[in-house]
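Encoded as structure tokens, the following chain is the form predicted alone, with no partner shown.
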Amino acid sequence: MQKILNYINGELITPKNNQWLDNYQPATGEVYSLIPDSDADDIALATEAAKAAFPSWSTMPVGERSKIMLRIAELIEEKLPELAKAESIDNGKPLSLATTVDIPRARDNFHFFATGIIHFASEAHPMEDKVVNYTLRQPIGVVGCISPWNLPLYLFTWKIAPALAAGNCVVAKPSEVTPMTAFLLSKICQEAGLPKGVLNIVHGLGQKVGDAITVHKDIKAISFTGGTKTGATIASKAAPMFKKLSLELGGKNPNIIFADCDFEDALTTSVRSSFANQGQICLCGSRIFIERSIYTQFCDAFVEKIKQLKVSFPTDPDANLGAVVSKPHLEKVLSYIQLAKEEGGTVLCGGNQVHLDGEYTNGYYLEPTVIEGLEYTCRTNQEEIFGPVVTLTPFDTEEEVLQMANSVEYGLAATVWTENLKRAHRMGQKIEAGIVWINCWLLRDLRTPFGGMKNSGVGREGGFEALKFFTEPKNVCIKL
């Protein structure tokens, strides 16, 4: 059976304790590879390698760093079919989604920051009496990057690329649930000529590897994407050590549909924004609010479209939804569907586990599920489910839907459908979310800041915001 290896100091190596974890294929429910069960000793080794590499990497001319990163982007493009297949097997998502979204975005992340660092500028502030201030932005040192399982290589590179571009060396932990493409990225970095120790990838459990990264005294910053509870734990340990923190956490996003929307566009896009990647995207709209005058029309049309979606094995070219990521996650989502029923909700479609034939009999499949009749304050409408489950709720006024949309502890993203320009601007201003899409969903310009409000996180990723996070600003004041 294939063993995934750690990538430390430019070499692929086994964990120091020689302990391993099972890696399950969601589509079949079977173990298909082994993951290092690494611990603090492996993090210590990786951190020493990063520290040793930092002086030369941080002072390397920006153009040379850029060339190496561009070569990594080229290799991701060359190996796109292999990476997409690995991502689909490891995560359970349709192969078509990994091919058209996940791996191209991983390529783009490296390309964007490889070129962005060339244009990264700082400020100058002239004063009177021949005094000038200018700002230096210098790399932090060794930084930790911890990424989730839902978009494995996509979000892994979203963190690593700006950190490397800014001149830092990285100790990174991919999710232990979906480690395969991070392992393949290790081989790409070797082929691209990335200097030893600049990037180190350590696999294993969050409570061992993630915790060791968080508390290591020589790791100066942490960039984490994942659950809000885990983010709070990281913050409680890293903040007293005065580490820089970027936390992109949970979401319970509203999708608000006004009667004056472009009905077909809102309908078609809402199907995608509800169930893309089995609903396992932090930006999915899991609470759909529909103006009462079109509620029945939209509800009927939406449910009809959902019933036509095909749940199938990831390599099925007709699959709209694949498997959810793991058996525990499947059980969690099913428990929320049961909770919704107990809270008075009516399941309009879905709600059941799907059992495929043959080798996929034991896979983790679930019908896309639509529920109505719930109070907006109930647990189903307040807690993050992170699966193929959405709720439908009617509203009468703009003020009412704002109250419902903003009632949750999260504030990551929102979608608004209206042809009224003034209303669109009002809603964009009043919705408590870091990202608001008007008449669209998941249109992402890599230059824009990405992140949430309230319990959805701290700080912003993306564009020059990411490069700023991974550098320390220093003011130099000179009297001429």
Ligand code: TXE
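These numbers come from a predicted model, not from an experiment. In case it trips you up, residue 1 is the first one in the sequence shown, and so on.
What comes next is about the form predicted in complex with this ligand, which does not appear here.
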query: Option touching this ligand, based on a heavy atom within 4.5 Å in the model of the complex, out of 269, 312, 214, 381; finding: 214
query: The single option of 298, 149, 360, 258 touching this ligand in the model of the complex, heavy atom within 4.5 Å; finding: 149
query: Any non-hydrogen atom of residue 139 within 4.5 angstroms of this ligand in the model of the complex; finding: no
query: Residue 174, heavy atom within 4.5 angstroms of this ligand in the model of the complex; finding: yes
query: Contact label in the model of the complex: residue 227 to this ligand, heavy atom within 4.5 Å; finding: yes
query: Partner contact for residue 161 in the model of the complex: this ligand, 4.5 angstroms, heavy atom; finding: no
query: Contact at 254, 392 and 423 by this ligand in the model of the complex, all three, heavy atom at most 4.5 Å; finding: no
query: Interface stretch in the model of the complex with this ligand - options 289-297, 118-126, 141-149, 94-102, non-hydrogen atom within 4.5 Å; finding: 141-149
query: Sequence-ordered list of residues in 239-255 near this ligand in the model of the complex, where near means a heavy atom within 4.5 Å; finding: 248, 249, 250
